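Only one chain is included here, represented as structure tokens and corresponding to the form predicted alone.
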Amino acid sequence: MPEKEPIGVIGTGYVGLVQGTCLAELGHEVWCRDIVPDKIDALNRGEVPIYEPGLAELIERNRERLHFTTDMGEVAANAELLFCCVDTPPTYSGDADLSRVERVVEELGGLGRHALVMKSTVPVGTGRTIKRDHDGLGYVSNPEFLKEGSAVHDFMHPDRVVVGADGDSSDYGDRVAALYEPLGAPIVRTDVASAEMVKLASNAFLATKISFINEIANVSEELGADVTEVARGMGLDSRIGDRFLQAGIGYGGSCFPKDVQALKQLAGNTGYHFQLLTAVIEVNELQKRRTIGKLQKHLGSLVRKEIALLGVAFKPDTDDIREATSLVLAGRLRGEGARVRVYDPVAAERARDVLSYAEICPSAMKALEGADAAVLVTEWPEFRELDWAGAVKEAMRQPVVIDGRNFLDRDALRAAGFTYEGVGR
């Protein structure tokens, strides 16, 4: 059996920590580097700074192969393949902020011959620029397609692995592809620019599916159709498929909003107006705000009304609140004069500073006590298991439920006397 390749991972956020840990699980010695000393100290104590199902257990099982450090020199001395997993947030212009990537590249100067394997989502052309400006540095594009909440499973059971390498970096591309061979997934070998585009195009298409079904949901509400039945009928068509056809109150998170905007901006920088993505973004923003109108329909003015938001994270099984719909809803409710209470089993504390004007509740029942309406924002399983017909109805001031994910039992709630409204139903 060939010797396992030592690996460096730069950045220990959602992507980097999963990447490094899963490669350790595959038998590689991995050095993970971050510039935040407190985060590295916590990891060395066995404390995981993010919530991702299965990740903490995997880190514990691979502690002998995982090394956490703030020293780039230590990583570069031990590994030739360095996975770049730093954040690339949008700037005010809508372009990706590559300052963290640029800092990593600059730090690698003079540390020997290495290949930078780009996991961070970057604009098409980034690899070409880095290779041009940093002769001698190998470069491989290896975009990530992990879903928060199932990232460990997604790494171990990928639909495909994309590896982009050009010219003198082709050998590095072979070595990166070899890392994933034990997973048994199709490996797409391509040039760097195409690999960079695969990531942006994939997320933009999935976001388009979400905005499309939300538009169908809005029309269904007006015409008396049930979008859950419509989506079921559509999804059985093999050309369409049922994934990402769940109507709701809009997408959020660290990927879809950023990547859709980035691709639209990238197209605009070339002089091309990407009309479809402009509509996708507009639909998503309006969808988040439709809930306010539904609340007003049932409660009238929202001034001094007590509104419980069930869920803060942008999706279940994560504590990530980036671009979360809950933050938009809470802000709009505050603007309408409502009093906002929020509960999330994992992400509430992360939102405390952002939602300083809201009451962060220790339980769902505490959030619902005396509430004029409840809005289900994140489909955590525990919300479905609440005693809606008994304890919840008794605790609320008015039994009004806006189900932003069509997650609860509509018929049971209505039979119990609730005013129930979902999305597109």
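Numbers for residues come from their place in the sequence shown, where the first is 1. Remember, it's a predicted structure, so these values are computed and weren't measured experimentally.
Here the subject shifts to the form predicted in complex with a small molecule, a form of this protein not shown in this document.
Heavy atoms within 4.5 Å of the small molecule in the predicted bound form belong, among the stretches 196-204, 290-298, 110-118, 123-131, to residues of 196-204. Residues Val400, Asp403 and Phe418 are none of them found to lie within 4.5 Å of the small molecule in the predicted bound form, as judged by heavy atom distances.
The partner is absent here, but in the predicted bound form a heavy atom of Lys315, alone among Lys315, Arg334, Arg100, Arg350, sits within 4.5 Å of the small molecule. Between the options Tyr343, Tyr251, Tyr139, Phe155, the residue in contact with the small molecule in the predicted bound form by a heavy atom within 4.5 angstroms is Tyr251.
Interface residue remark: Glu144 is counted as part of the site for the small molecule in the predicted bound form, having a heavy atom within 4.5 Å. Though the partner is left out of this view, Leu245 does reach within 4.5 Å of the small molecule in the predicted bound form, counting heavy atoms only. The small molecule is not drawn, but in the predicted bound form it has no heavy atom within 4.5 Å of Asp319. Though the partner is left out of this view, Val86 does not reach within 4.5 Å of the small molecule in the predicted bound form, counting heavy atoms only.
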